[in-house]
Ligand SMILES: Cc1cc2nc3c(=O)[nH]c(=O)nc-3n(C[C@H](O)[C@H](O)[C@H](O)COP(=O)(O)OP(=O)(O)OC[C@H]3O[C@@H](n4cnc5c(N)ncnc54)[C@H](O)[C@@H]3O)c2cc1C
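Before any questions on how it binds or moves, here is one chain, the form predicted on its own, in structure tokens.
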Amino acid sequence: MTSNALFDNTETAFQLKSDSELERAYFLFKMISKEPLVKIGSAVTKFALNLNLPVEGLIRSTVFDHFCGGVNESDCMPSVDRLFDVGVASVLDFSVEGKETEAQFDATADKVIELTKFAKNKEAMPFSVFKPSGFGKFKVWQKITENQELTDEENDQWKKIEIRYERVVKEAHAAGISLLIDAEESWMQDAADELCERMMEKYNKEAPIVFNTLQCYRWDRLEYLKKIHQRAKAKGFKLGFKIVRGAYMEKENERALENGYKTPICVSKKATDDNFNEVMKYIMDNLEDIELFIGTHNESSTYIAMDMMEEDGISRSDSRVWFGQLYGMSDHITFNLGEEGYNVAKYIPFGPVKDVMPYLIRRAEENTSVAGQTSRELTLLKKEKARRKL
């Protein structure tokens, strides 16, 4: 059994943070812990950026620099190198959301290809990542998921989505870089799953290049996993999955209530945790067919994963199992895993300040709603500040 005190080691957790960065982190999590402040701050920030008020410097020196690697990939490289020095890989995530034009979708696909080529000869960057709605209008994904007929224009848009998607997958396949594809709202996800499976069938013959994401707050994901596993075995291709709890819970529940259908979300936090751990166990038991990226800030699930690996004789450095956390969060999990020899990566968002703000605001709101997590961050930061004073 893994010692359940591993993640209390703050010296390892915050080894890359200077005293002033530690103070900034403490200040930010203190702010995030107050829900009214987050709501007001988000509104004021959106307002100031829309009016082109000179707030970018302030945003950069606080929330942006804590949660993001920079405005472009070369900005991120000092962080990537520092992380790799202590055994932590990086996943550069171009976190620009909410684009709506075909030219913007093309630019996003080009950016992911550029990042994949950029990562090709860098051991520190074994993954590339994208969000399906970054490649085409959400409405088109939704209409396909809901089996609605597309207009001629939408058919054309869908063909372009398929082209962008395959261009990126082809590039990842050529570069030998695994591609983590994010999951989104349930009312567009079937279309995303189907397209992802087509790419897996074509490009995951030897090894899983294409990884889909399972949001385990959805009660149907274990069943989906078992079915796609059967199809993959029958057709002779490998699977890769990133597993997360999920990021759209309030939205999902509200929409289900409004439209009178059963919510896709598990009935409770415990049911979600159990589902996450069951999905993780199923993949661990089938590593010859499925590779696993465990995207979690949950200490308990991380300890369970470590125990599973130990019980099944899976080496800590087995390339089929990865752990991942977001940059600026859960350093006590990331750096202690790295220190112990596990494969672990930080997701590093980057992009122009104004374009990345929707992502940052979403993160702040998520942190506010997961109160236990923010207070855990604060406790650990306080502990490290005291340790350094001594």
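All residue numbers refer to positions in the sequence shown, first residue = 1. What you are looking at is a predicted structure, and each value in this text was computed from that prediction instead of being measured.
Below, we turn to the form predicted in complex with the named molecule, even though it does not appear here.
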property	result
Contact stretch among 74-82, 219-227, 260-268, 312-320 - heavy atom within 4.5 Å of the named molecule in the model of the complex	260-268
Check all three, 215, 244 and 297, heavy atom within 4.5 Å of the named molecule in the model of the complex	yes
Residue 248 within 4.5 Å of the named molecule in the model of the complex, heavy atoms	yes
Residue 293: touches the named molecule in the model of the complex, heavy atom cutoff 4.5 angstroms	yes
Contact flag, residue 272 vs the named molecule in the model of the complex, heavy atom cut 4.5 Å	yes
Contact flag, residue 182 vs the named molecule in the model of the complex, heavy atom cut 4.5 Å	yes
One residue of 353, 28, 326, 361 in contact with the named molecule, assessed in the model of the complex (non-hydrogen atom, 4.5 angstroms)	326
